[in-house]
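Before any questions on binding or motion, here is one chain by itself as structure tokens, the form predicted on its own.
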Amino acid sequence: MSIGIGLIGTGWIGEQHVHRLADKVAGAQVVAVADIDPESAGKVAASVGARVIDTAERLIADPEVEAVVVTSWGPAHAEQVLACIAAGKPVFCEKPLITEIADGLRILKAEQAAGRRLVQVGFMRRYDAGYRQMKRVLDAGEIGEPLMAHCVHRNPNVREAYTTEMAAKDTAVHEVDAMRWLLGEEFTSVQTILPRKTAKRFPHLQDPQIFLFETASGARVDVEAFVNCQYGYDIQCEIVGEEGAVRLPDPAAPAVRKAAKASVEVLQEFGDRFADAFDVELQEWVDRLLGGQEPSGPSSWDGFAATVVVDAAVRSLHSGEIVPIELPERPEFYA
């Protein structure tokens, strides 16, 4: 038994997901692919024996397509997700779910009107083994009430098209969702701090940046985003509670002892660090759909809330002030 999946957007992550669905995810069959670049779509579709459909709208409407994966350009996500909801088809949308707050409200309204959850957002950290171990520790109350969290998100370098605002919107957004999930509460304010700039950056870029968040209960979360650290892709997280602390484990790697030194290799790409999490994420999504169940992963509300938070961080970037994060009350539908 399998479910027919159509994928929109055949860039790097789209191509990765096509092969993940075809080769690793049981119960998934990629039946159709669409992209604004016909050559890219044709190449990716041919690699898995799928059809090319010339537009996202036609792919969503195609009767062979039972569920949709959206990996297109971020600003196109909202309309494509809304089209899936209108068609009654489950949709897995890579982040960002939205780039405009108003579009998030439209998606929330449309999904609630449909009467069932159809949308899952691709925040893969929730499927990483280390983050899941941390979640179990926190939910069991093993470290008491959380007081502080310290997060690090470092990349060896970024392309020239990367902008200062992307540190919040594309980089720290992963920590935003992970911390909302781990702590089980929303952020209420944020301040963006600008340390001394690294010389290892493009001239237009402010790097690194630090985001200081406060949660509804008064816990404090700091997130370092440093996207030209040079040495590798390094994700760290520690949560400090009243009775202890829990730290995200580093990826398993052999320790090499040679020439009077002991060393452990540092991964260089986010795809390497979270490859297993991507696999688990899509397998669990497909399993839920095959079982006739609604998606259980990050919801439309999670995608909406993350965008509200990072938009506030960008406002703080420009003002230097502490910016309140104003979220509407979460609908019971997403409880």
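The first residue of the shown sequence is 1; numbering continues from there. Quick caveat: nothing in here was measured; it's all calculated off a predicted structure.
The discussion below concerns the form predicted in complex with another copy of the chain, not included here.
A.B. asks: Even though another copy of the chain is not shown here, does it sit in the model of the complex so that Ala178, Glu186 and Pro324 each have a heavy atom within 4.5 Å?
C.D. replies: Answer is no for this spot.
A.B. asks: Tell me, out of Ala113, Ala86, Val264, Leu105, which residue has a non-hydrogen atom within 4.5 angstroms of another copy of the chain in the model of the complex.
C.D. replies: Spelling it out, the residue with a heavy atom inside the cut-off is Val264.
A.B. asks: Which is the contacting stretch out of 189-197, 114-122, 76-84, 167-175, given heavy atoms within 4.5 Å of another copy of the chain in the model of the complex?
C.D. replies: Residues of 189-197 come within 4.5 Å of the partner.
A.B. asks: With heavy atoms only and a cut-off of 4.5 Å, decide whether Ala46 touches another copy of the chain in the model of the complex.
C.D. replies: Output for Ala46 is no: heavy atoms all beyond 4.5 Å of another copy of the chain.
A.B. asks: Do Tyr162 and another copy of the chain share at least one heavy atom pair within 4.5 Å in the model of the complex?
C.D. replies: Judged by the heavy-atom cut-off of 4.5 Å, Tyr162 is well away from another copy of the chain in the model of the complex.
A.B. asks: How about Lys24 - does it come within 4.5 Å of another copy of the chain in the model of the complex, if we only consider non-hydrogen atoms?
C.D. replies: So Lys24 counts as contacting another copy of the chain.
A.B. asks: Answer yes if any heavy atom of Gln268 is within 4.5 Å of a heavy atom of another copy of the chain in the model of the complex; otherwise answer no.
C.D. replies: Because a heavy atom of Gln268 falls inside 4.5 Å of another copy of the chain in the model of the complex, the answer is yes.
A.B. asks: Which residues in 242-259 have a heavy atom within 4.5 Å of another copy of the chain in the model of the complex?
C.D. replies: Glu242, Glu243, Gly244, Ala245, Val246, Arg247, Pro249, Asp250, Ala252, Ala253, Pro254, Ala255, Val256, Arg257, Lys258, Ala259 sit within 4.5 Å of the partner.
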